[in-house]
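The chain below stands alone, shown as structure tokens; this is the form predicted on its own.
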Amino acid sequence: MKPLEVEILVAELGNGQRPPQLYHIAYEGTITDEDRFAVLGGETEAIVVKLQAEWSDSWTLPEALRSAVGALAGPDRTLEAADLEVAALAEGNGRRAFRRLVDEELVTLLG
């Protein structure tokens, strides 16, 4: 029987003095600081390579979503909004530091 492997991504919002931080905690306990994005599970290396090739610091949310969905889908399949569960970090959103992107909003953003 294969043991359960769990990976966790901890996102810390930045403030005026420091940028946001991403911490990837692997199933064996290794903690890695991620610079721009993190990929957990699946075909990690292929997804990372695709995102690195397309990365832009000036991406808008729709551009980032389309790139991420394209990298996740790969060359042999298409992912639709209904196949996804998406959230975006949101500063100034009270106690909840993210907001879910659902239904028509996600469809519109993926364009």
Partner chain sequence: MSLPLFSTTEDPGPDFAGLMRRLRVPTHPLVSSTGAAPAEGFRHGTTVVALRYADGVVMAGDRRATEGHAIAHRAMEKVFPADRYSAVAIAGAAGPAVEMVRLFQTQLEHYEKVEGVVLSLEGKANQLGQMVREHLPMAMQGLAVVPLYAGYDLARQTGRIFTYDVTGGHYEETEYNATGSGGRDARTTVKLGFRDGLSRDEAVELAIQSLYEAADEDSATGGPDLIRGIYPLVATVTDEGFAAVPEAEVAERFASLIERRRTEGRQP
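Residue numbers count along the first chain shown, from 1. Computed from a predicted model, the values in this text were never measured in an experiment. Rigid core: the largest C-alpha set superposing within 1.5 Å between the two forms.
The protein also exists as the form predicted in complex with the partner chain; that form is not presented, and the subsequent description refers to it.
The partner chain is not shown here, but in the model of the complex it comes within 4.5 Å of a heavy atom of Glu104. When contacts are judged by a 4.5 Å heavy atom cut-off, Asp83 does not count as touching the partner chain in the model of the complex. Taking the partner from the other structure, the partner chain in the model of the complex has no heavy atom within 4.5 Å of any heavy atom of Arg18. Contact check for Tyr23: no non-hydrogen atom falls within 4.5 Å of the partner chain in the model of the complex. Superposition on the rigid core between this form and the one not shown places the CA atom of Ala97 2 Å or more away from its counterpart. Figure legend: C-alpha atoms of Leu61 and Gly92, shown here, are separated by at least 3 angstroms less in the model of the complex. In the model of the complex, the Cα-Cα separation between Arg95 and Ile25 grows by 3 Å or more relative to the displayed conformation.
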